[in-house]
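Let's start with one chain on its own, the form predicted alone, as structure tokens.
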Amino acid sequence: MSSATARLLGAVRRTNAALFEGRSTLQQGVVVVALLFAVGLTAAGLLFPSTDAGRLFTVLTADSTLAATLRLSVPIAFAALGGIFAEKAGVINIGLEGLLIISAFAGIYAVDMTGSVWIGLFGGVVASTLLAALFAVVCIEFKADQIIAGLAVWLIALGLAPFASTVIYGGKTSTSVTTLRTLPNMNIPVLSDLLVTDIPVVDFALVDIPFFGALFDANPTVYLMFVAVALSWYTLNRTAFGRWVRASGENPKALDTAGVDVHRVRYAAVLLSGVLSGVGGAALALGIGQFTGSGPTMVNGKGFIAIVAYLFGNYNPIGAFLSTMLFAGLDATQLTLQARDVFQVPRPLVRTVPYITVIVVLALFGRTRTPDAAGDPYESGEGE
């Protein structure tokens, strides 16, 4: 190595060290400011509840805020989990928005036909998986550009679902169907009683716990979301299939040389993204009881937000879930603030708060490393 090259590399390393040092200092500053804000807000909420700060504290700690956060998290979290599996395997699936749209309509239509909410959920999953299968064939078998194919999936669903709704229901908005709002009878010994019956020692039921009580009175798909996050993490990190998925996205040649069919792994991962997105889309529509196909449809960008969530979660299901909860929590807060008209500021400006806050926080604290082979088609036998 020449002396000039050594000096250049040394300068690059010193610049990187200075940047990371500066970022670390900025992160510490942001944490200190956030803690001071939280302490001040709590004090204002407890001592001066009639002030704007006090009303904001009341909104943040309301049961309805956590309930709305959980409800808004479901479609984003499921789509994010699906996106993780696909991209970890080397297939960038930006068509998550389209999978949510098609499953939302299929879920409502299946309920309308059968009267069963659970068949509706299954119908949404089937529709989303079929569209994901089409995407997989185009990208894996025919080696199409994955970004363009993903956009095509979104545009197909954006046109097809409202069109089908217009043909069947006479408009882009479907008729109302049975919803998933009520807590099912889980019939779990002891726990089922504790949910709704006062506990003798503390004299209240689990659903009456301030703020966190919303966890015990949620839509069943919320509980399914927690299970899906845990299972996804376990599958990716503790199973042979998870190792194959990661190898397919990092070094498909090595996986092929080891005797594992890369195409099958990628097909399975993309189909899994369809299954998970199908649950999210159907849950979104069945939670409301209608499909709305006007404009960007009722999905309204949640698939793209899911992509951001798993990128900032660094392809970790738990990280993606926490990113989702951060966005959903801020979105739920701004919705409540608008409903109660707490601050005298224009509503369009209030609606931007979740997006701006998430971008700032995640840009400062997020870490993302894209799989090396993500977006690259693979020809079976290249590793021989």
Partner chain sequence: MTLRDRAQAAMKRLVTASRTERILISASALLLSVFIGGLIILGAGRMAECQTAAYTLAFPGSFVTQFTGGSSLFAMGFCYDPFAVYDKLFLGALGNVVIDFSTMTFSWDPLNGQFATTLAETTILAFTGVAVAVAFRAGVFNIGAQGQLVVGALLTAVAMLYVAPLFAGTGVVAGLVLLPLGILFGALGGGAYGALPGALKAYADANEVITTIMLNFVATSVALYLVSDASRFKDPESLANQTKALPEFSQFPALLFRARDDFSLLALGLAVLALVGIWYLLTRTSFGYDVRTSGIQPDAAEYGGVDADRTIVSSMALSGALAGVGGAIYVLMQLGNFQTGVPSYGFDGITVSILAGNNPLGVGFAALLFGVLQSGSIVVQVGSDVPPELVGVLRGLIILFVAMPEFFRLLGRKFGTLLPEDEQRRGAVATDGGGSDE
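Residue numbers count along the first chain shown, from 1. From a predicted model like this one, the values you see are computed outputs, not experimental measurements.
Just so it is clear, the following notes concern the form predicted in complex with its partner chain, a form of the same protein that is not shown.
> Considering non-hydrogen atoms and a 4.5 Å limit, does its partner chain approach A218 in the predicted bound form?
Judged by the heavy-atom cut-off of 4.5 Å, A218 is well away from its partner chain in the predicted bound form.
> Report yes if any heavy atom of K143 sits within 4.5 Å of a heavy atom of its partner chain in the predicted bound form; otherwise report no.
Yes - in the predicted bound form, heavy atoms of K143 and its partner chain come within 4.5 Å of each other.
> Does I168 reach its partner chain in the predicted bound form if we count a contact as any heavy atom within 4.5 Å?
Looking in the predicted bound form, residue contacts with its partner chain include I168, since a heavy atom lies within 4.5 Å.
> With the partner left out of view, is F226 within 4.5 angstroms of its partner chain in the predicted bound form by any non-hydrogen atom?
It does not: once its partner chain is placed as it appears in the predicted bound form, F226 has no heavy atom within 4.5 Å of it.
> Should the three residues L134, L160 and A363 be counted as contacting its partner chain in the predicted bound form, with contact defined as a heavy atom within 4.5 Å for each?
Yes, the whole trio is in contact, each within 4.5 Å by some heavy atom.
> Which one of these stretches, 306-314, 116-124, 237-245, 257-265, sits within 4.5 Å of its partner chain in the predicted bound form when only heavy atoms are counted?
Correct option: 306-314.
> Only one of T51, T352, T42, T61 comes within 4.5 Å of its partner chain in the predicted bound form by heavy atoms, so just point that one out.
Checking each option against its partner chain in the predicted bound form, the one that comes within 4.5 Å is T352.
> Across 282-304, which residues bring a heavy atom to within 4.5 Å of its partner chain in the predicted bound form?
Contacts from 282-304: P296, N300, G301, F304.
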